[in-house]
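As structure tokens, one chain now follows by itself in the form predicted on its own.
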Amino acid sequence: MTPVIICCGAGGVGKTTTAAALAVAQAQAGARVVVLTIDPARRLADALGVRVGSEPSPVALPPGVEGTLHALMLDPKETFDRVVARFAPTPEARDRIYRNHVYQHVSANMAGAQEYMAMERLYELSRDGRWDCVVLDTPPTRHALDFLAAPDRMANLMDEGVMRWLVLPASRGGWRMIERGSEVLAGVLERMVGNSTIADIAEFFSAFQALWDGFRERSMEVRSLLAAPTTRFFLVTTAAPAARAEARLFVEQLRAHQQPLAGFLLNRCLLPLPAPGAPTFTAPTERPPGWDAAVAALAALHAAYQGRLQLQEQNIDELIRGTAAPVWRVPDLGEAVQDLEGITALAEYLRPAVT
């Protein structure tokens, strides 16, 4: 099975850039890598300097890189259509679903559809045969938690008992019976699919009957992919308290899904100062005017830096407490990484995490 790297984290911690840097690090090691983003902001495309669409596009890596890198962005509607085409028993059944305007709405707007289709696209790429590694850049943490549950949710939805109940009232009269029994249920269903009629809803679920087994089986395959030993979850974060709180939430969710954490990738870290015994500046014999004041100012800066470093390390200790996952620190580079050159520099710090 093709190795998969999944980068998760809160917004604003450099997750998208880190995912790109991990992909570059793998390509530098000679791998054929593809990176998938489901971030609607398209930051990954901008950083890589490539026009990213729903199919893998090649990224022009620096000379001397032996591997290759491609990038693509999730198109949930297109992916949903492809899944329907795969599992529909006949072209007529496929077209019947495509024409249903409930499906047209659900495939683009249903809660959880994007997360499930991200997992479907990830599965497709992992089975494609062209790649040695697939890197997934996820949305901010709370949404990323949704994709972890997406395979189970889809499998539950496609449970035969549930679907049989949903397609039972195949006529308007049948739905009236349910409406009389639960006006709240009917209202929820109508809101879920916009202004569609109940008859359209019944038609949608009736048409979907033929896809039950395929969706359920694929959901279980995706679940197996997420749990495979070749799939690694990296949590991208910083030592800032707000980011740490989000990170701890994600760690707990990984535990709940029984999926191990491969490690913490900590951006914007302060690095320790040179150890005692390292070469130091020798004071001149004759000290110029202001020397003592300058030395005092430097000593104050040093003390302030050490204090910040100590606080950072305390925050990191709190973040990783109770986990056995390793930590990789990326220094604060002083400015936002916005191009492939910066991503390549960042990859130097992240290579140990993926090699």
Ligand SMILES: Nc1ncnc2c1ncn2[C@@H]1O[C@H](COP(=O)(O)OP(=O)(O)OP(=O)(O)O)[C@@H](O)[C@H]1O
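Numbering starts at 1 and runs along the sequence shown. What you see is a predicted model, and the numbers here were worked out from it, not measured in a lab. For clarity, a rigid core is taken as the largest C-alpha set superposing within 1.5 Å between two forms.
This next part talks about the form predicted together with the named molecule, which is not shown.
- Residue heavy atoms within 4.5 Å of the named molecule in the predicted bound form occur in exactly one stretch of 265-273, 99-107, 75-83, 242-250, and that stretch is 265-273.
- At least one heavy atom of Val330 is located within 4.5 Å of the named molecule in the predicted bound form.
- At the 4.5 Å threshold, heavy atoms of Ala336 reach the named molecule in the predicted bound form.
- For the chain shown alone, Ala10 is a contact residue for the named molecule in the predicted bound form, at least one non-hydrogen atom being within 4.5 angstroms.
- Heavy atoms of Ala347 never reach within 4.5 Å of the named molecule in the predicted bound form, leaving it off the interface.
- After superposition on the rigid core, the Cα of Leu319 moves by less than 2 Å between this form and the one not shown.
- The two forms, fitted on the rigid core, differ between this form and the one not shown by less than 2 Å at the CA of Val59.
- Val330 is among the residues whose C-alpha shifts by 2 Å or more between this form and the one not shown once the rigid core is aligned.
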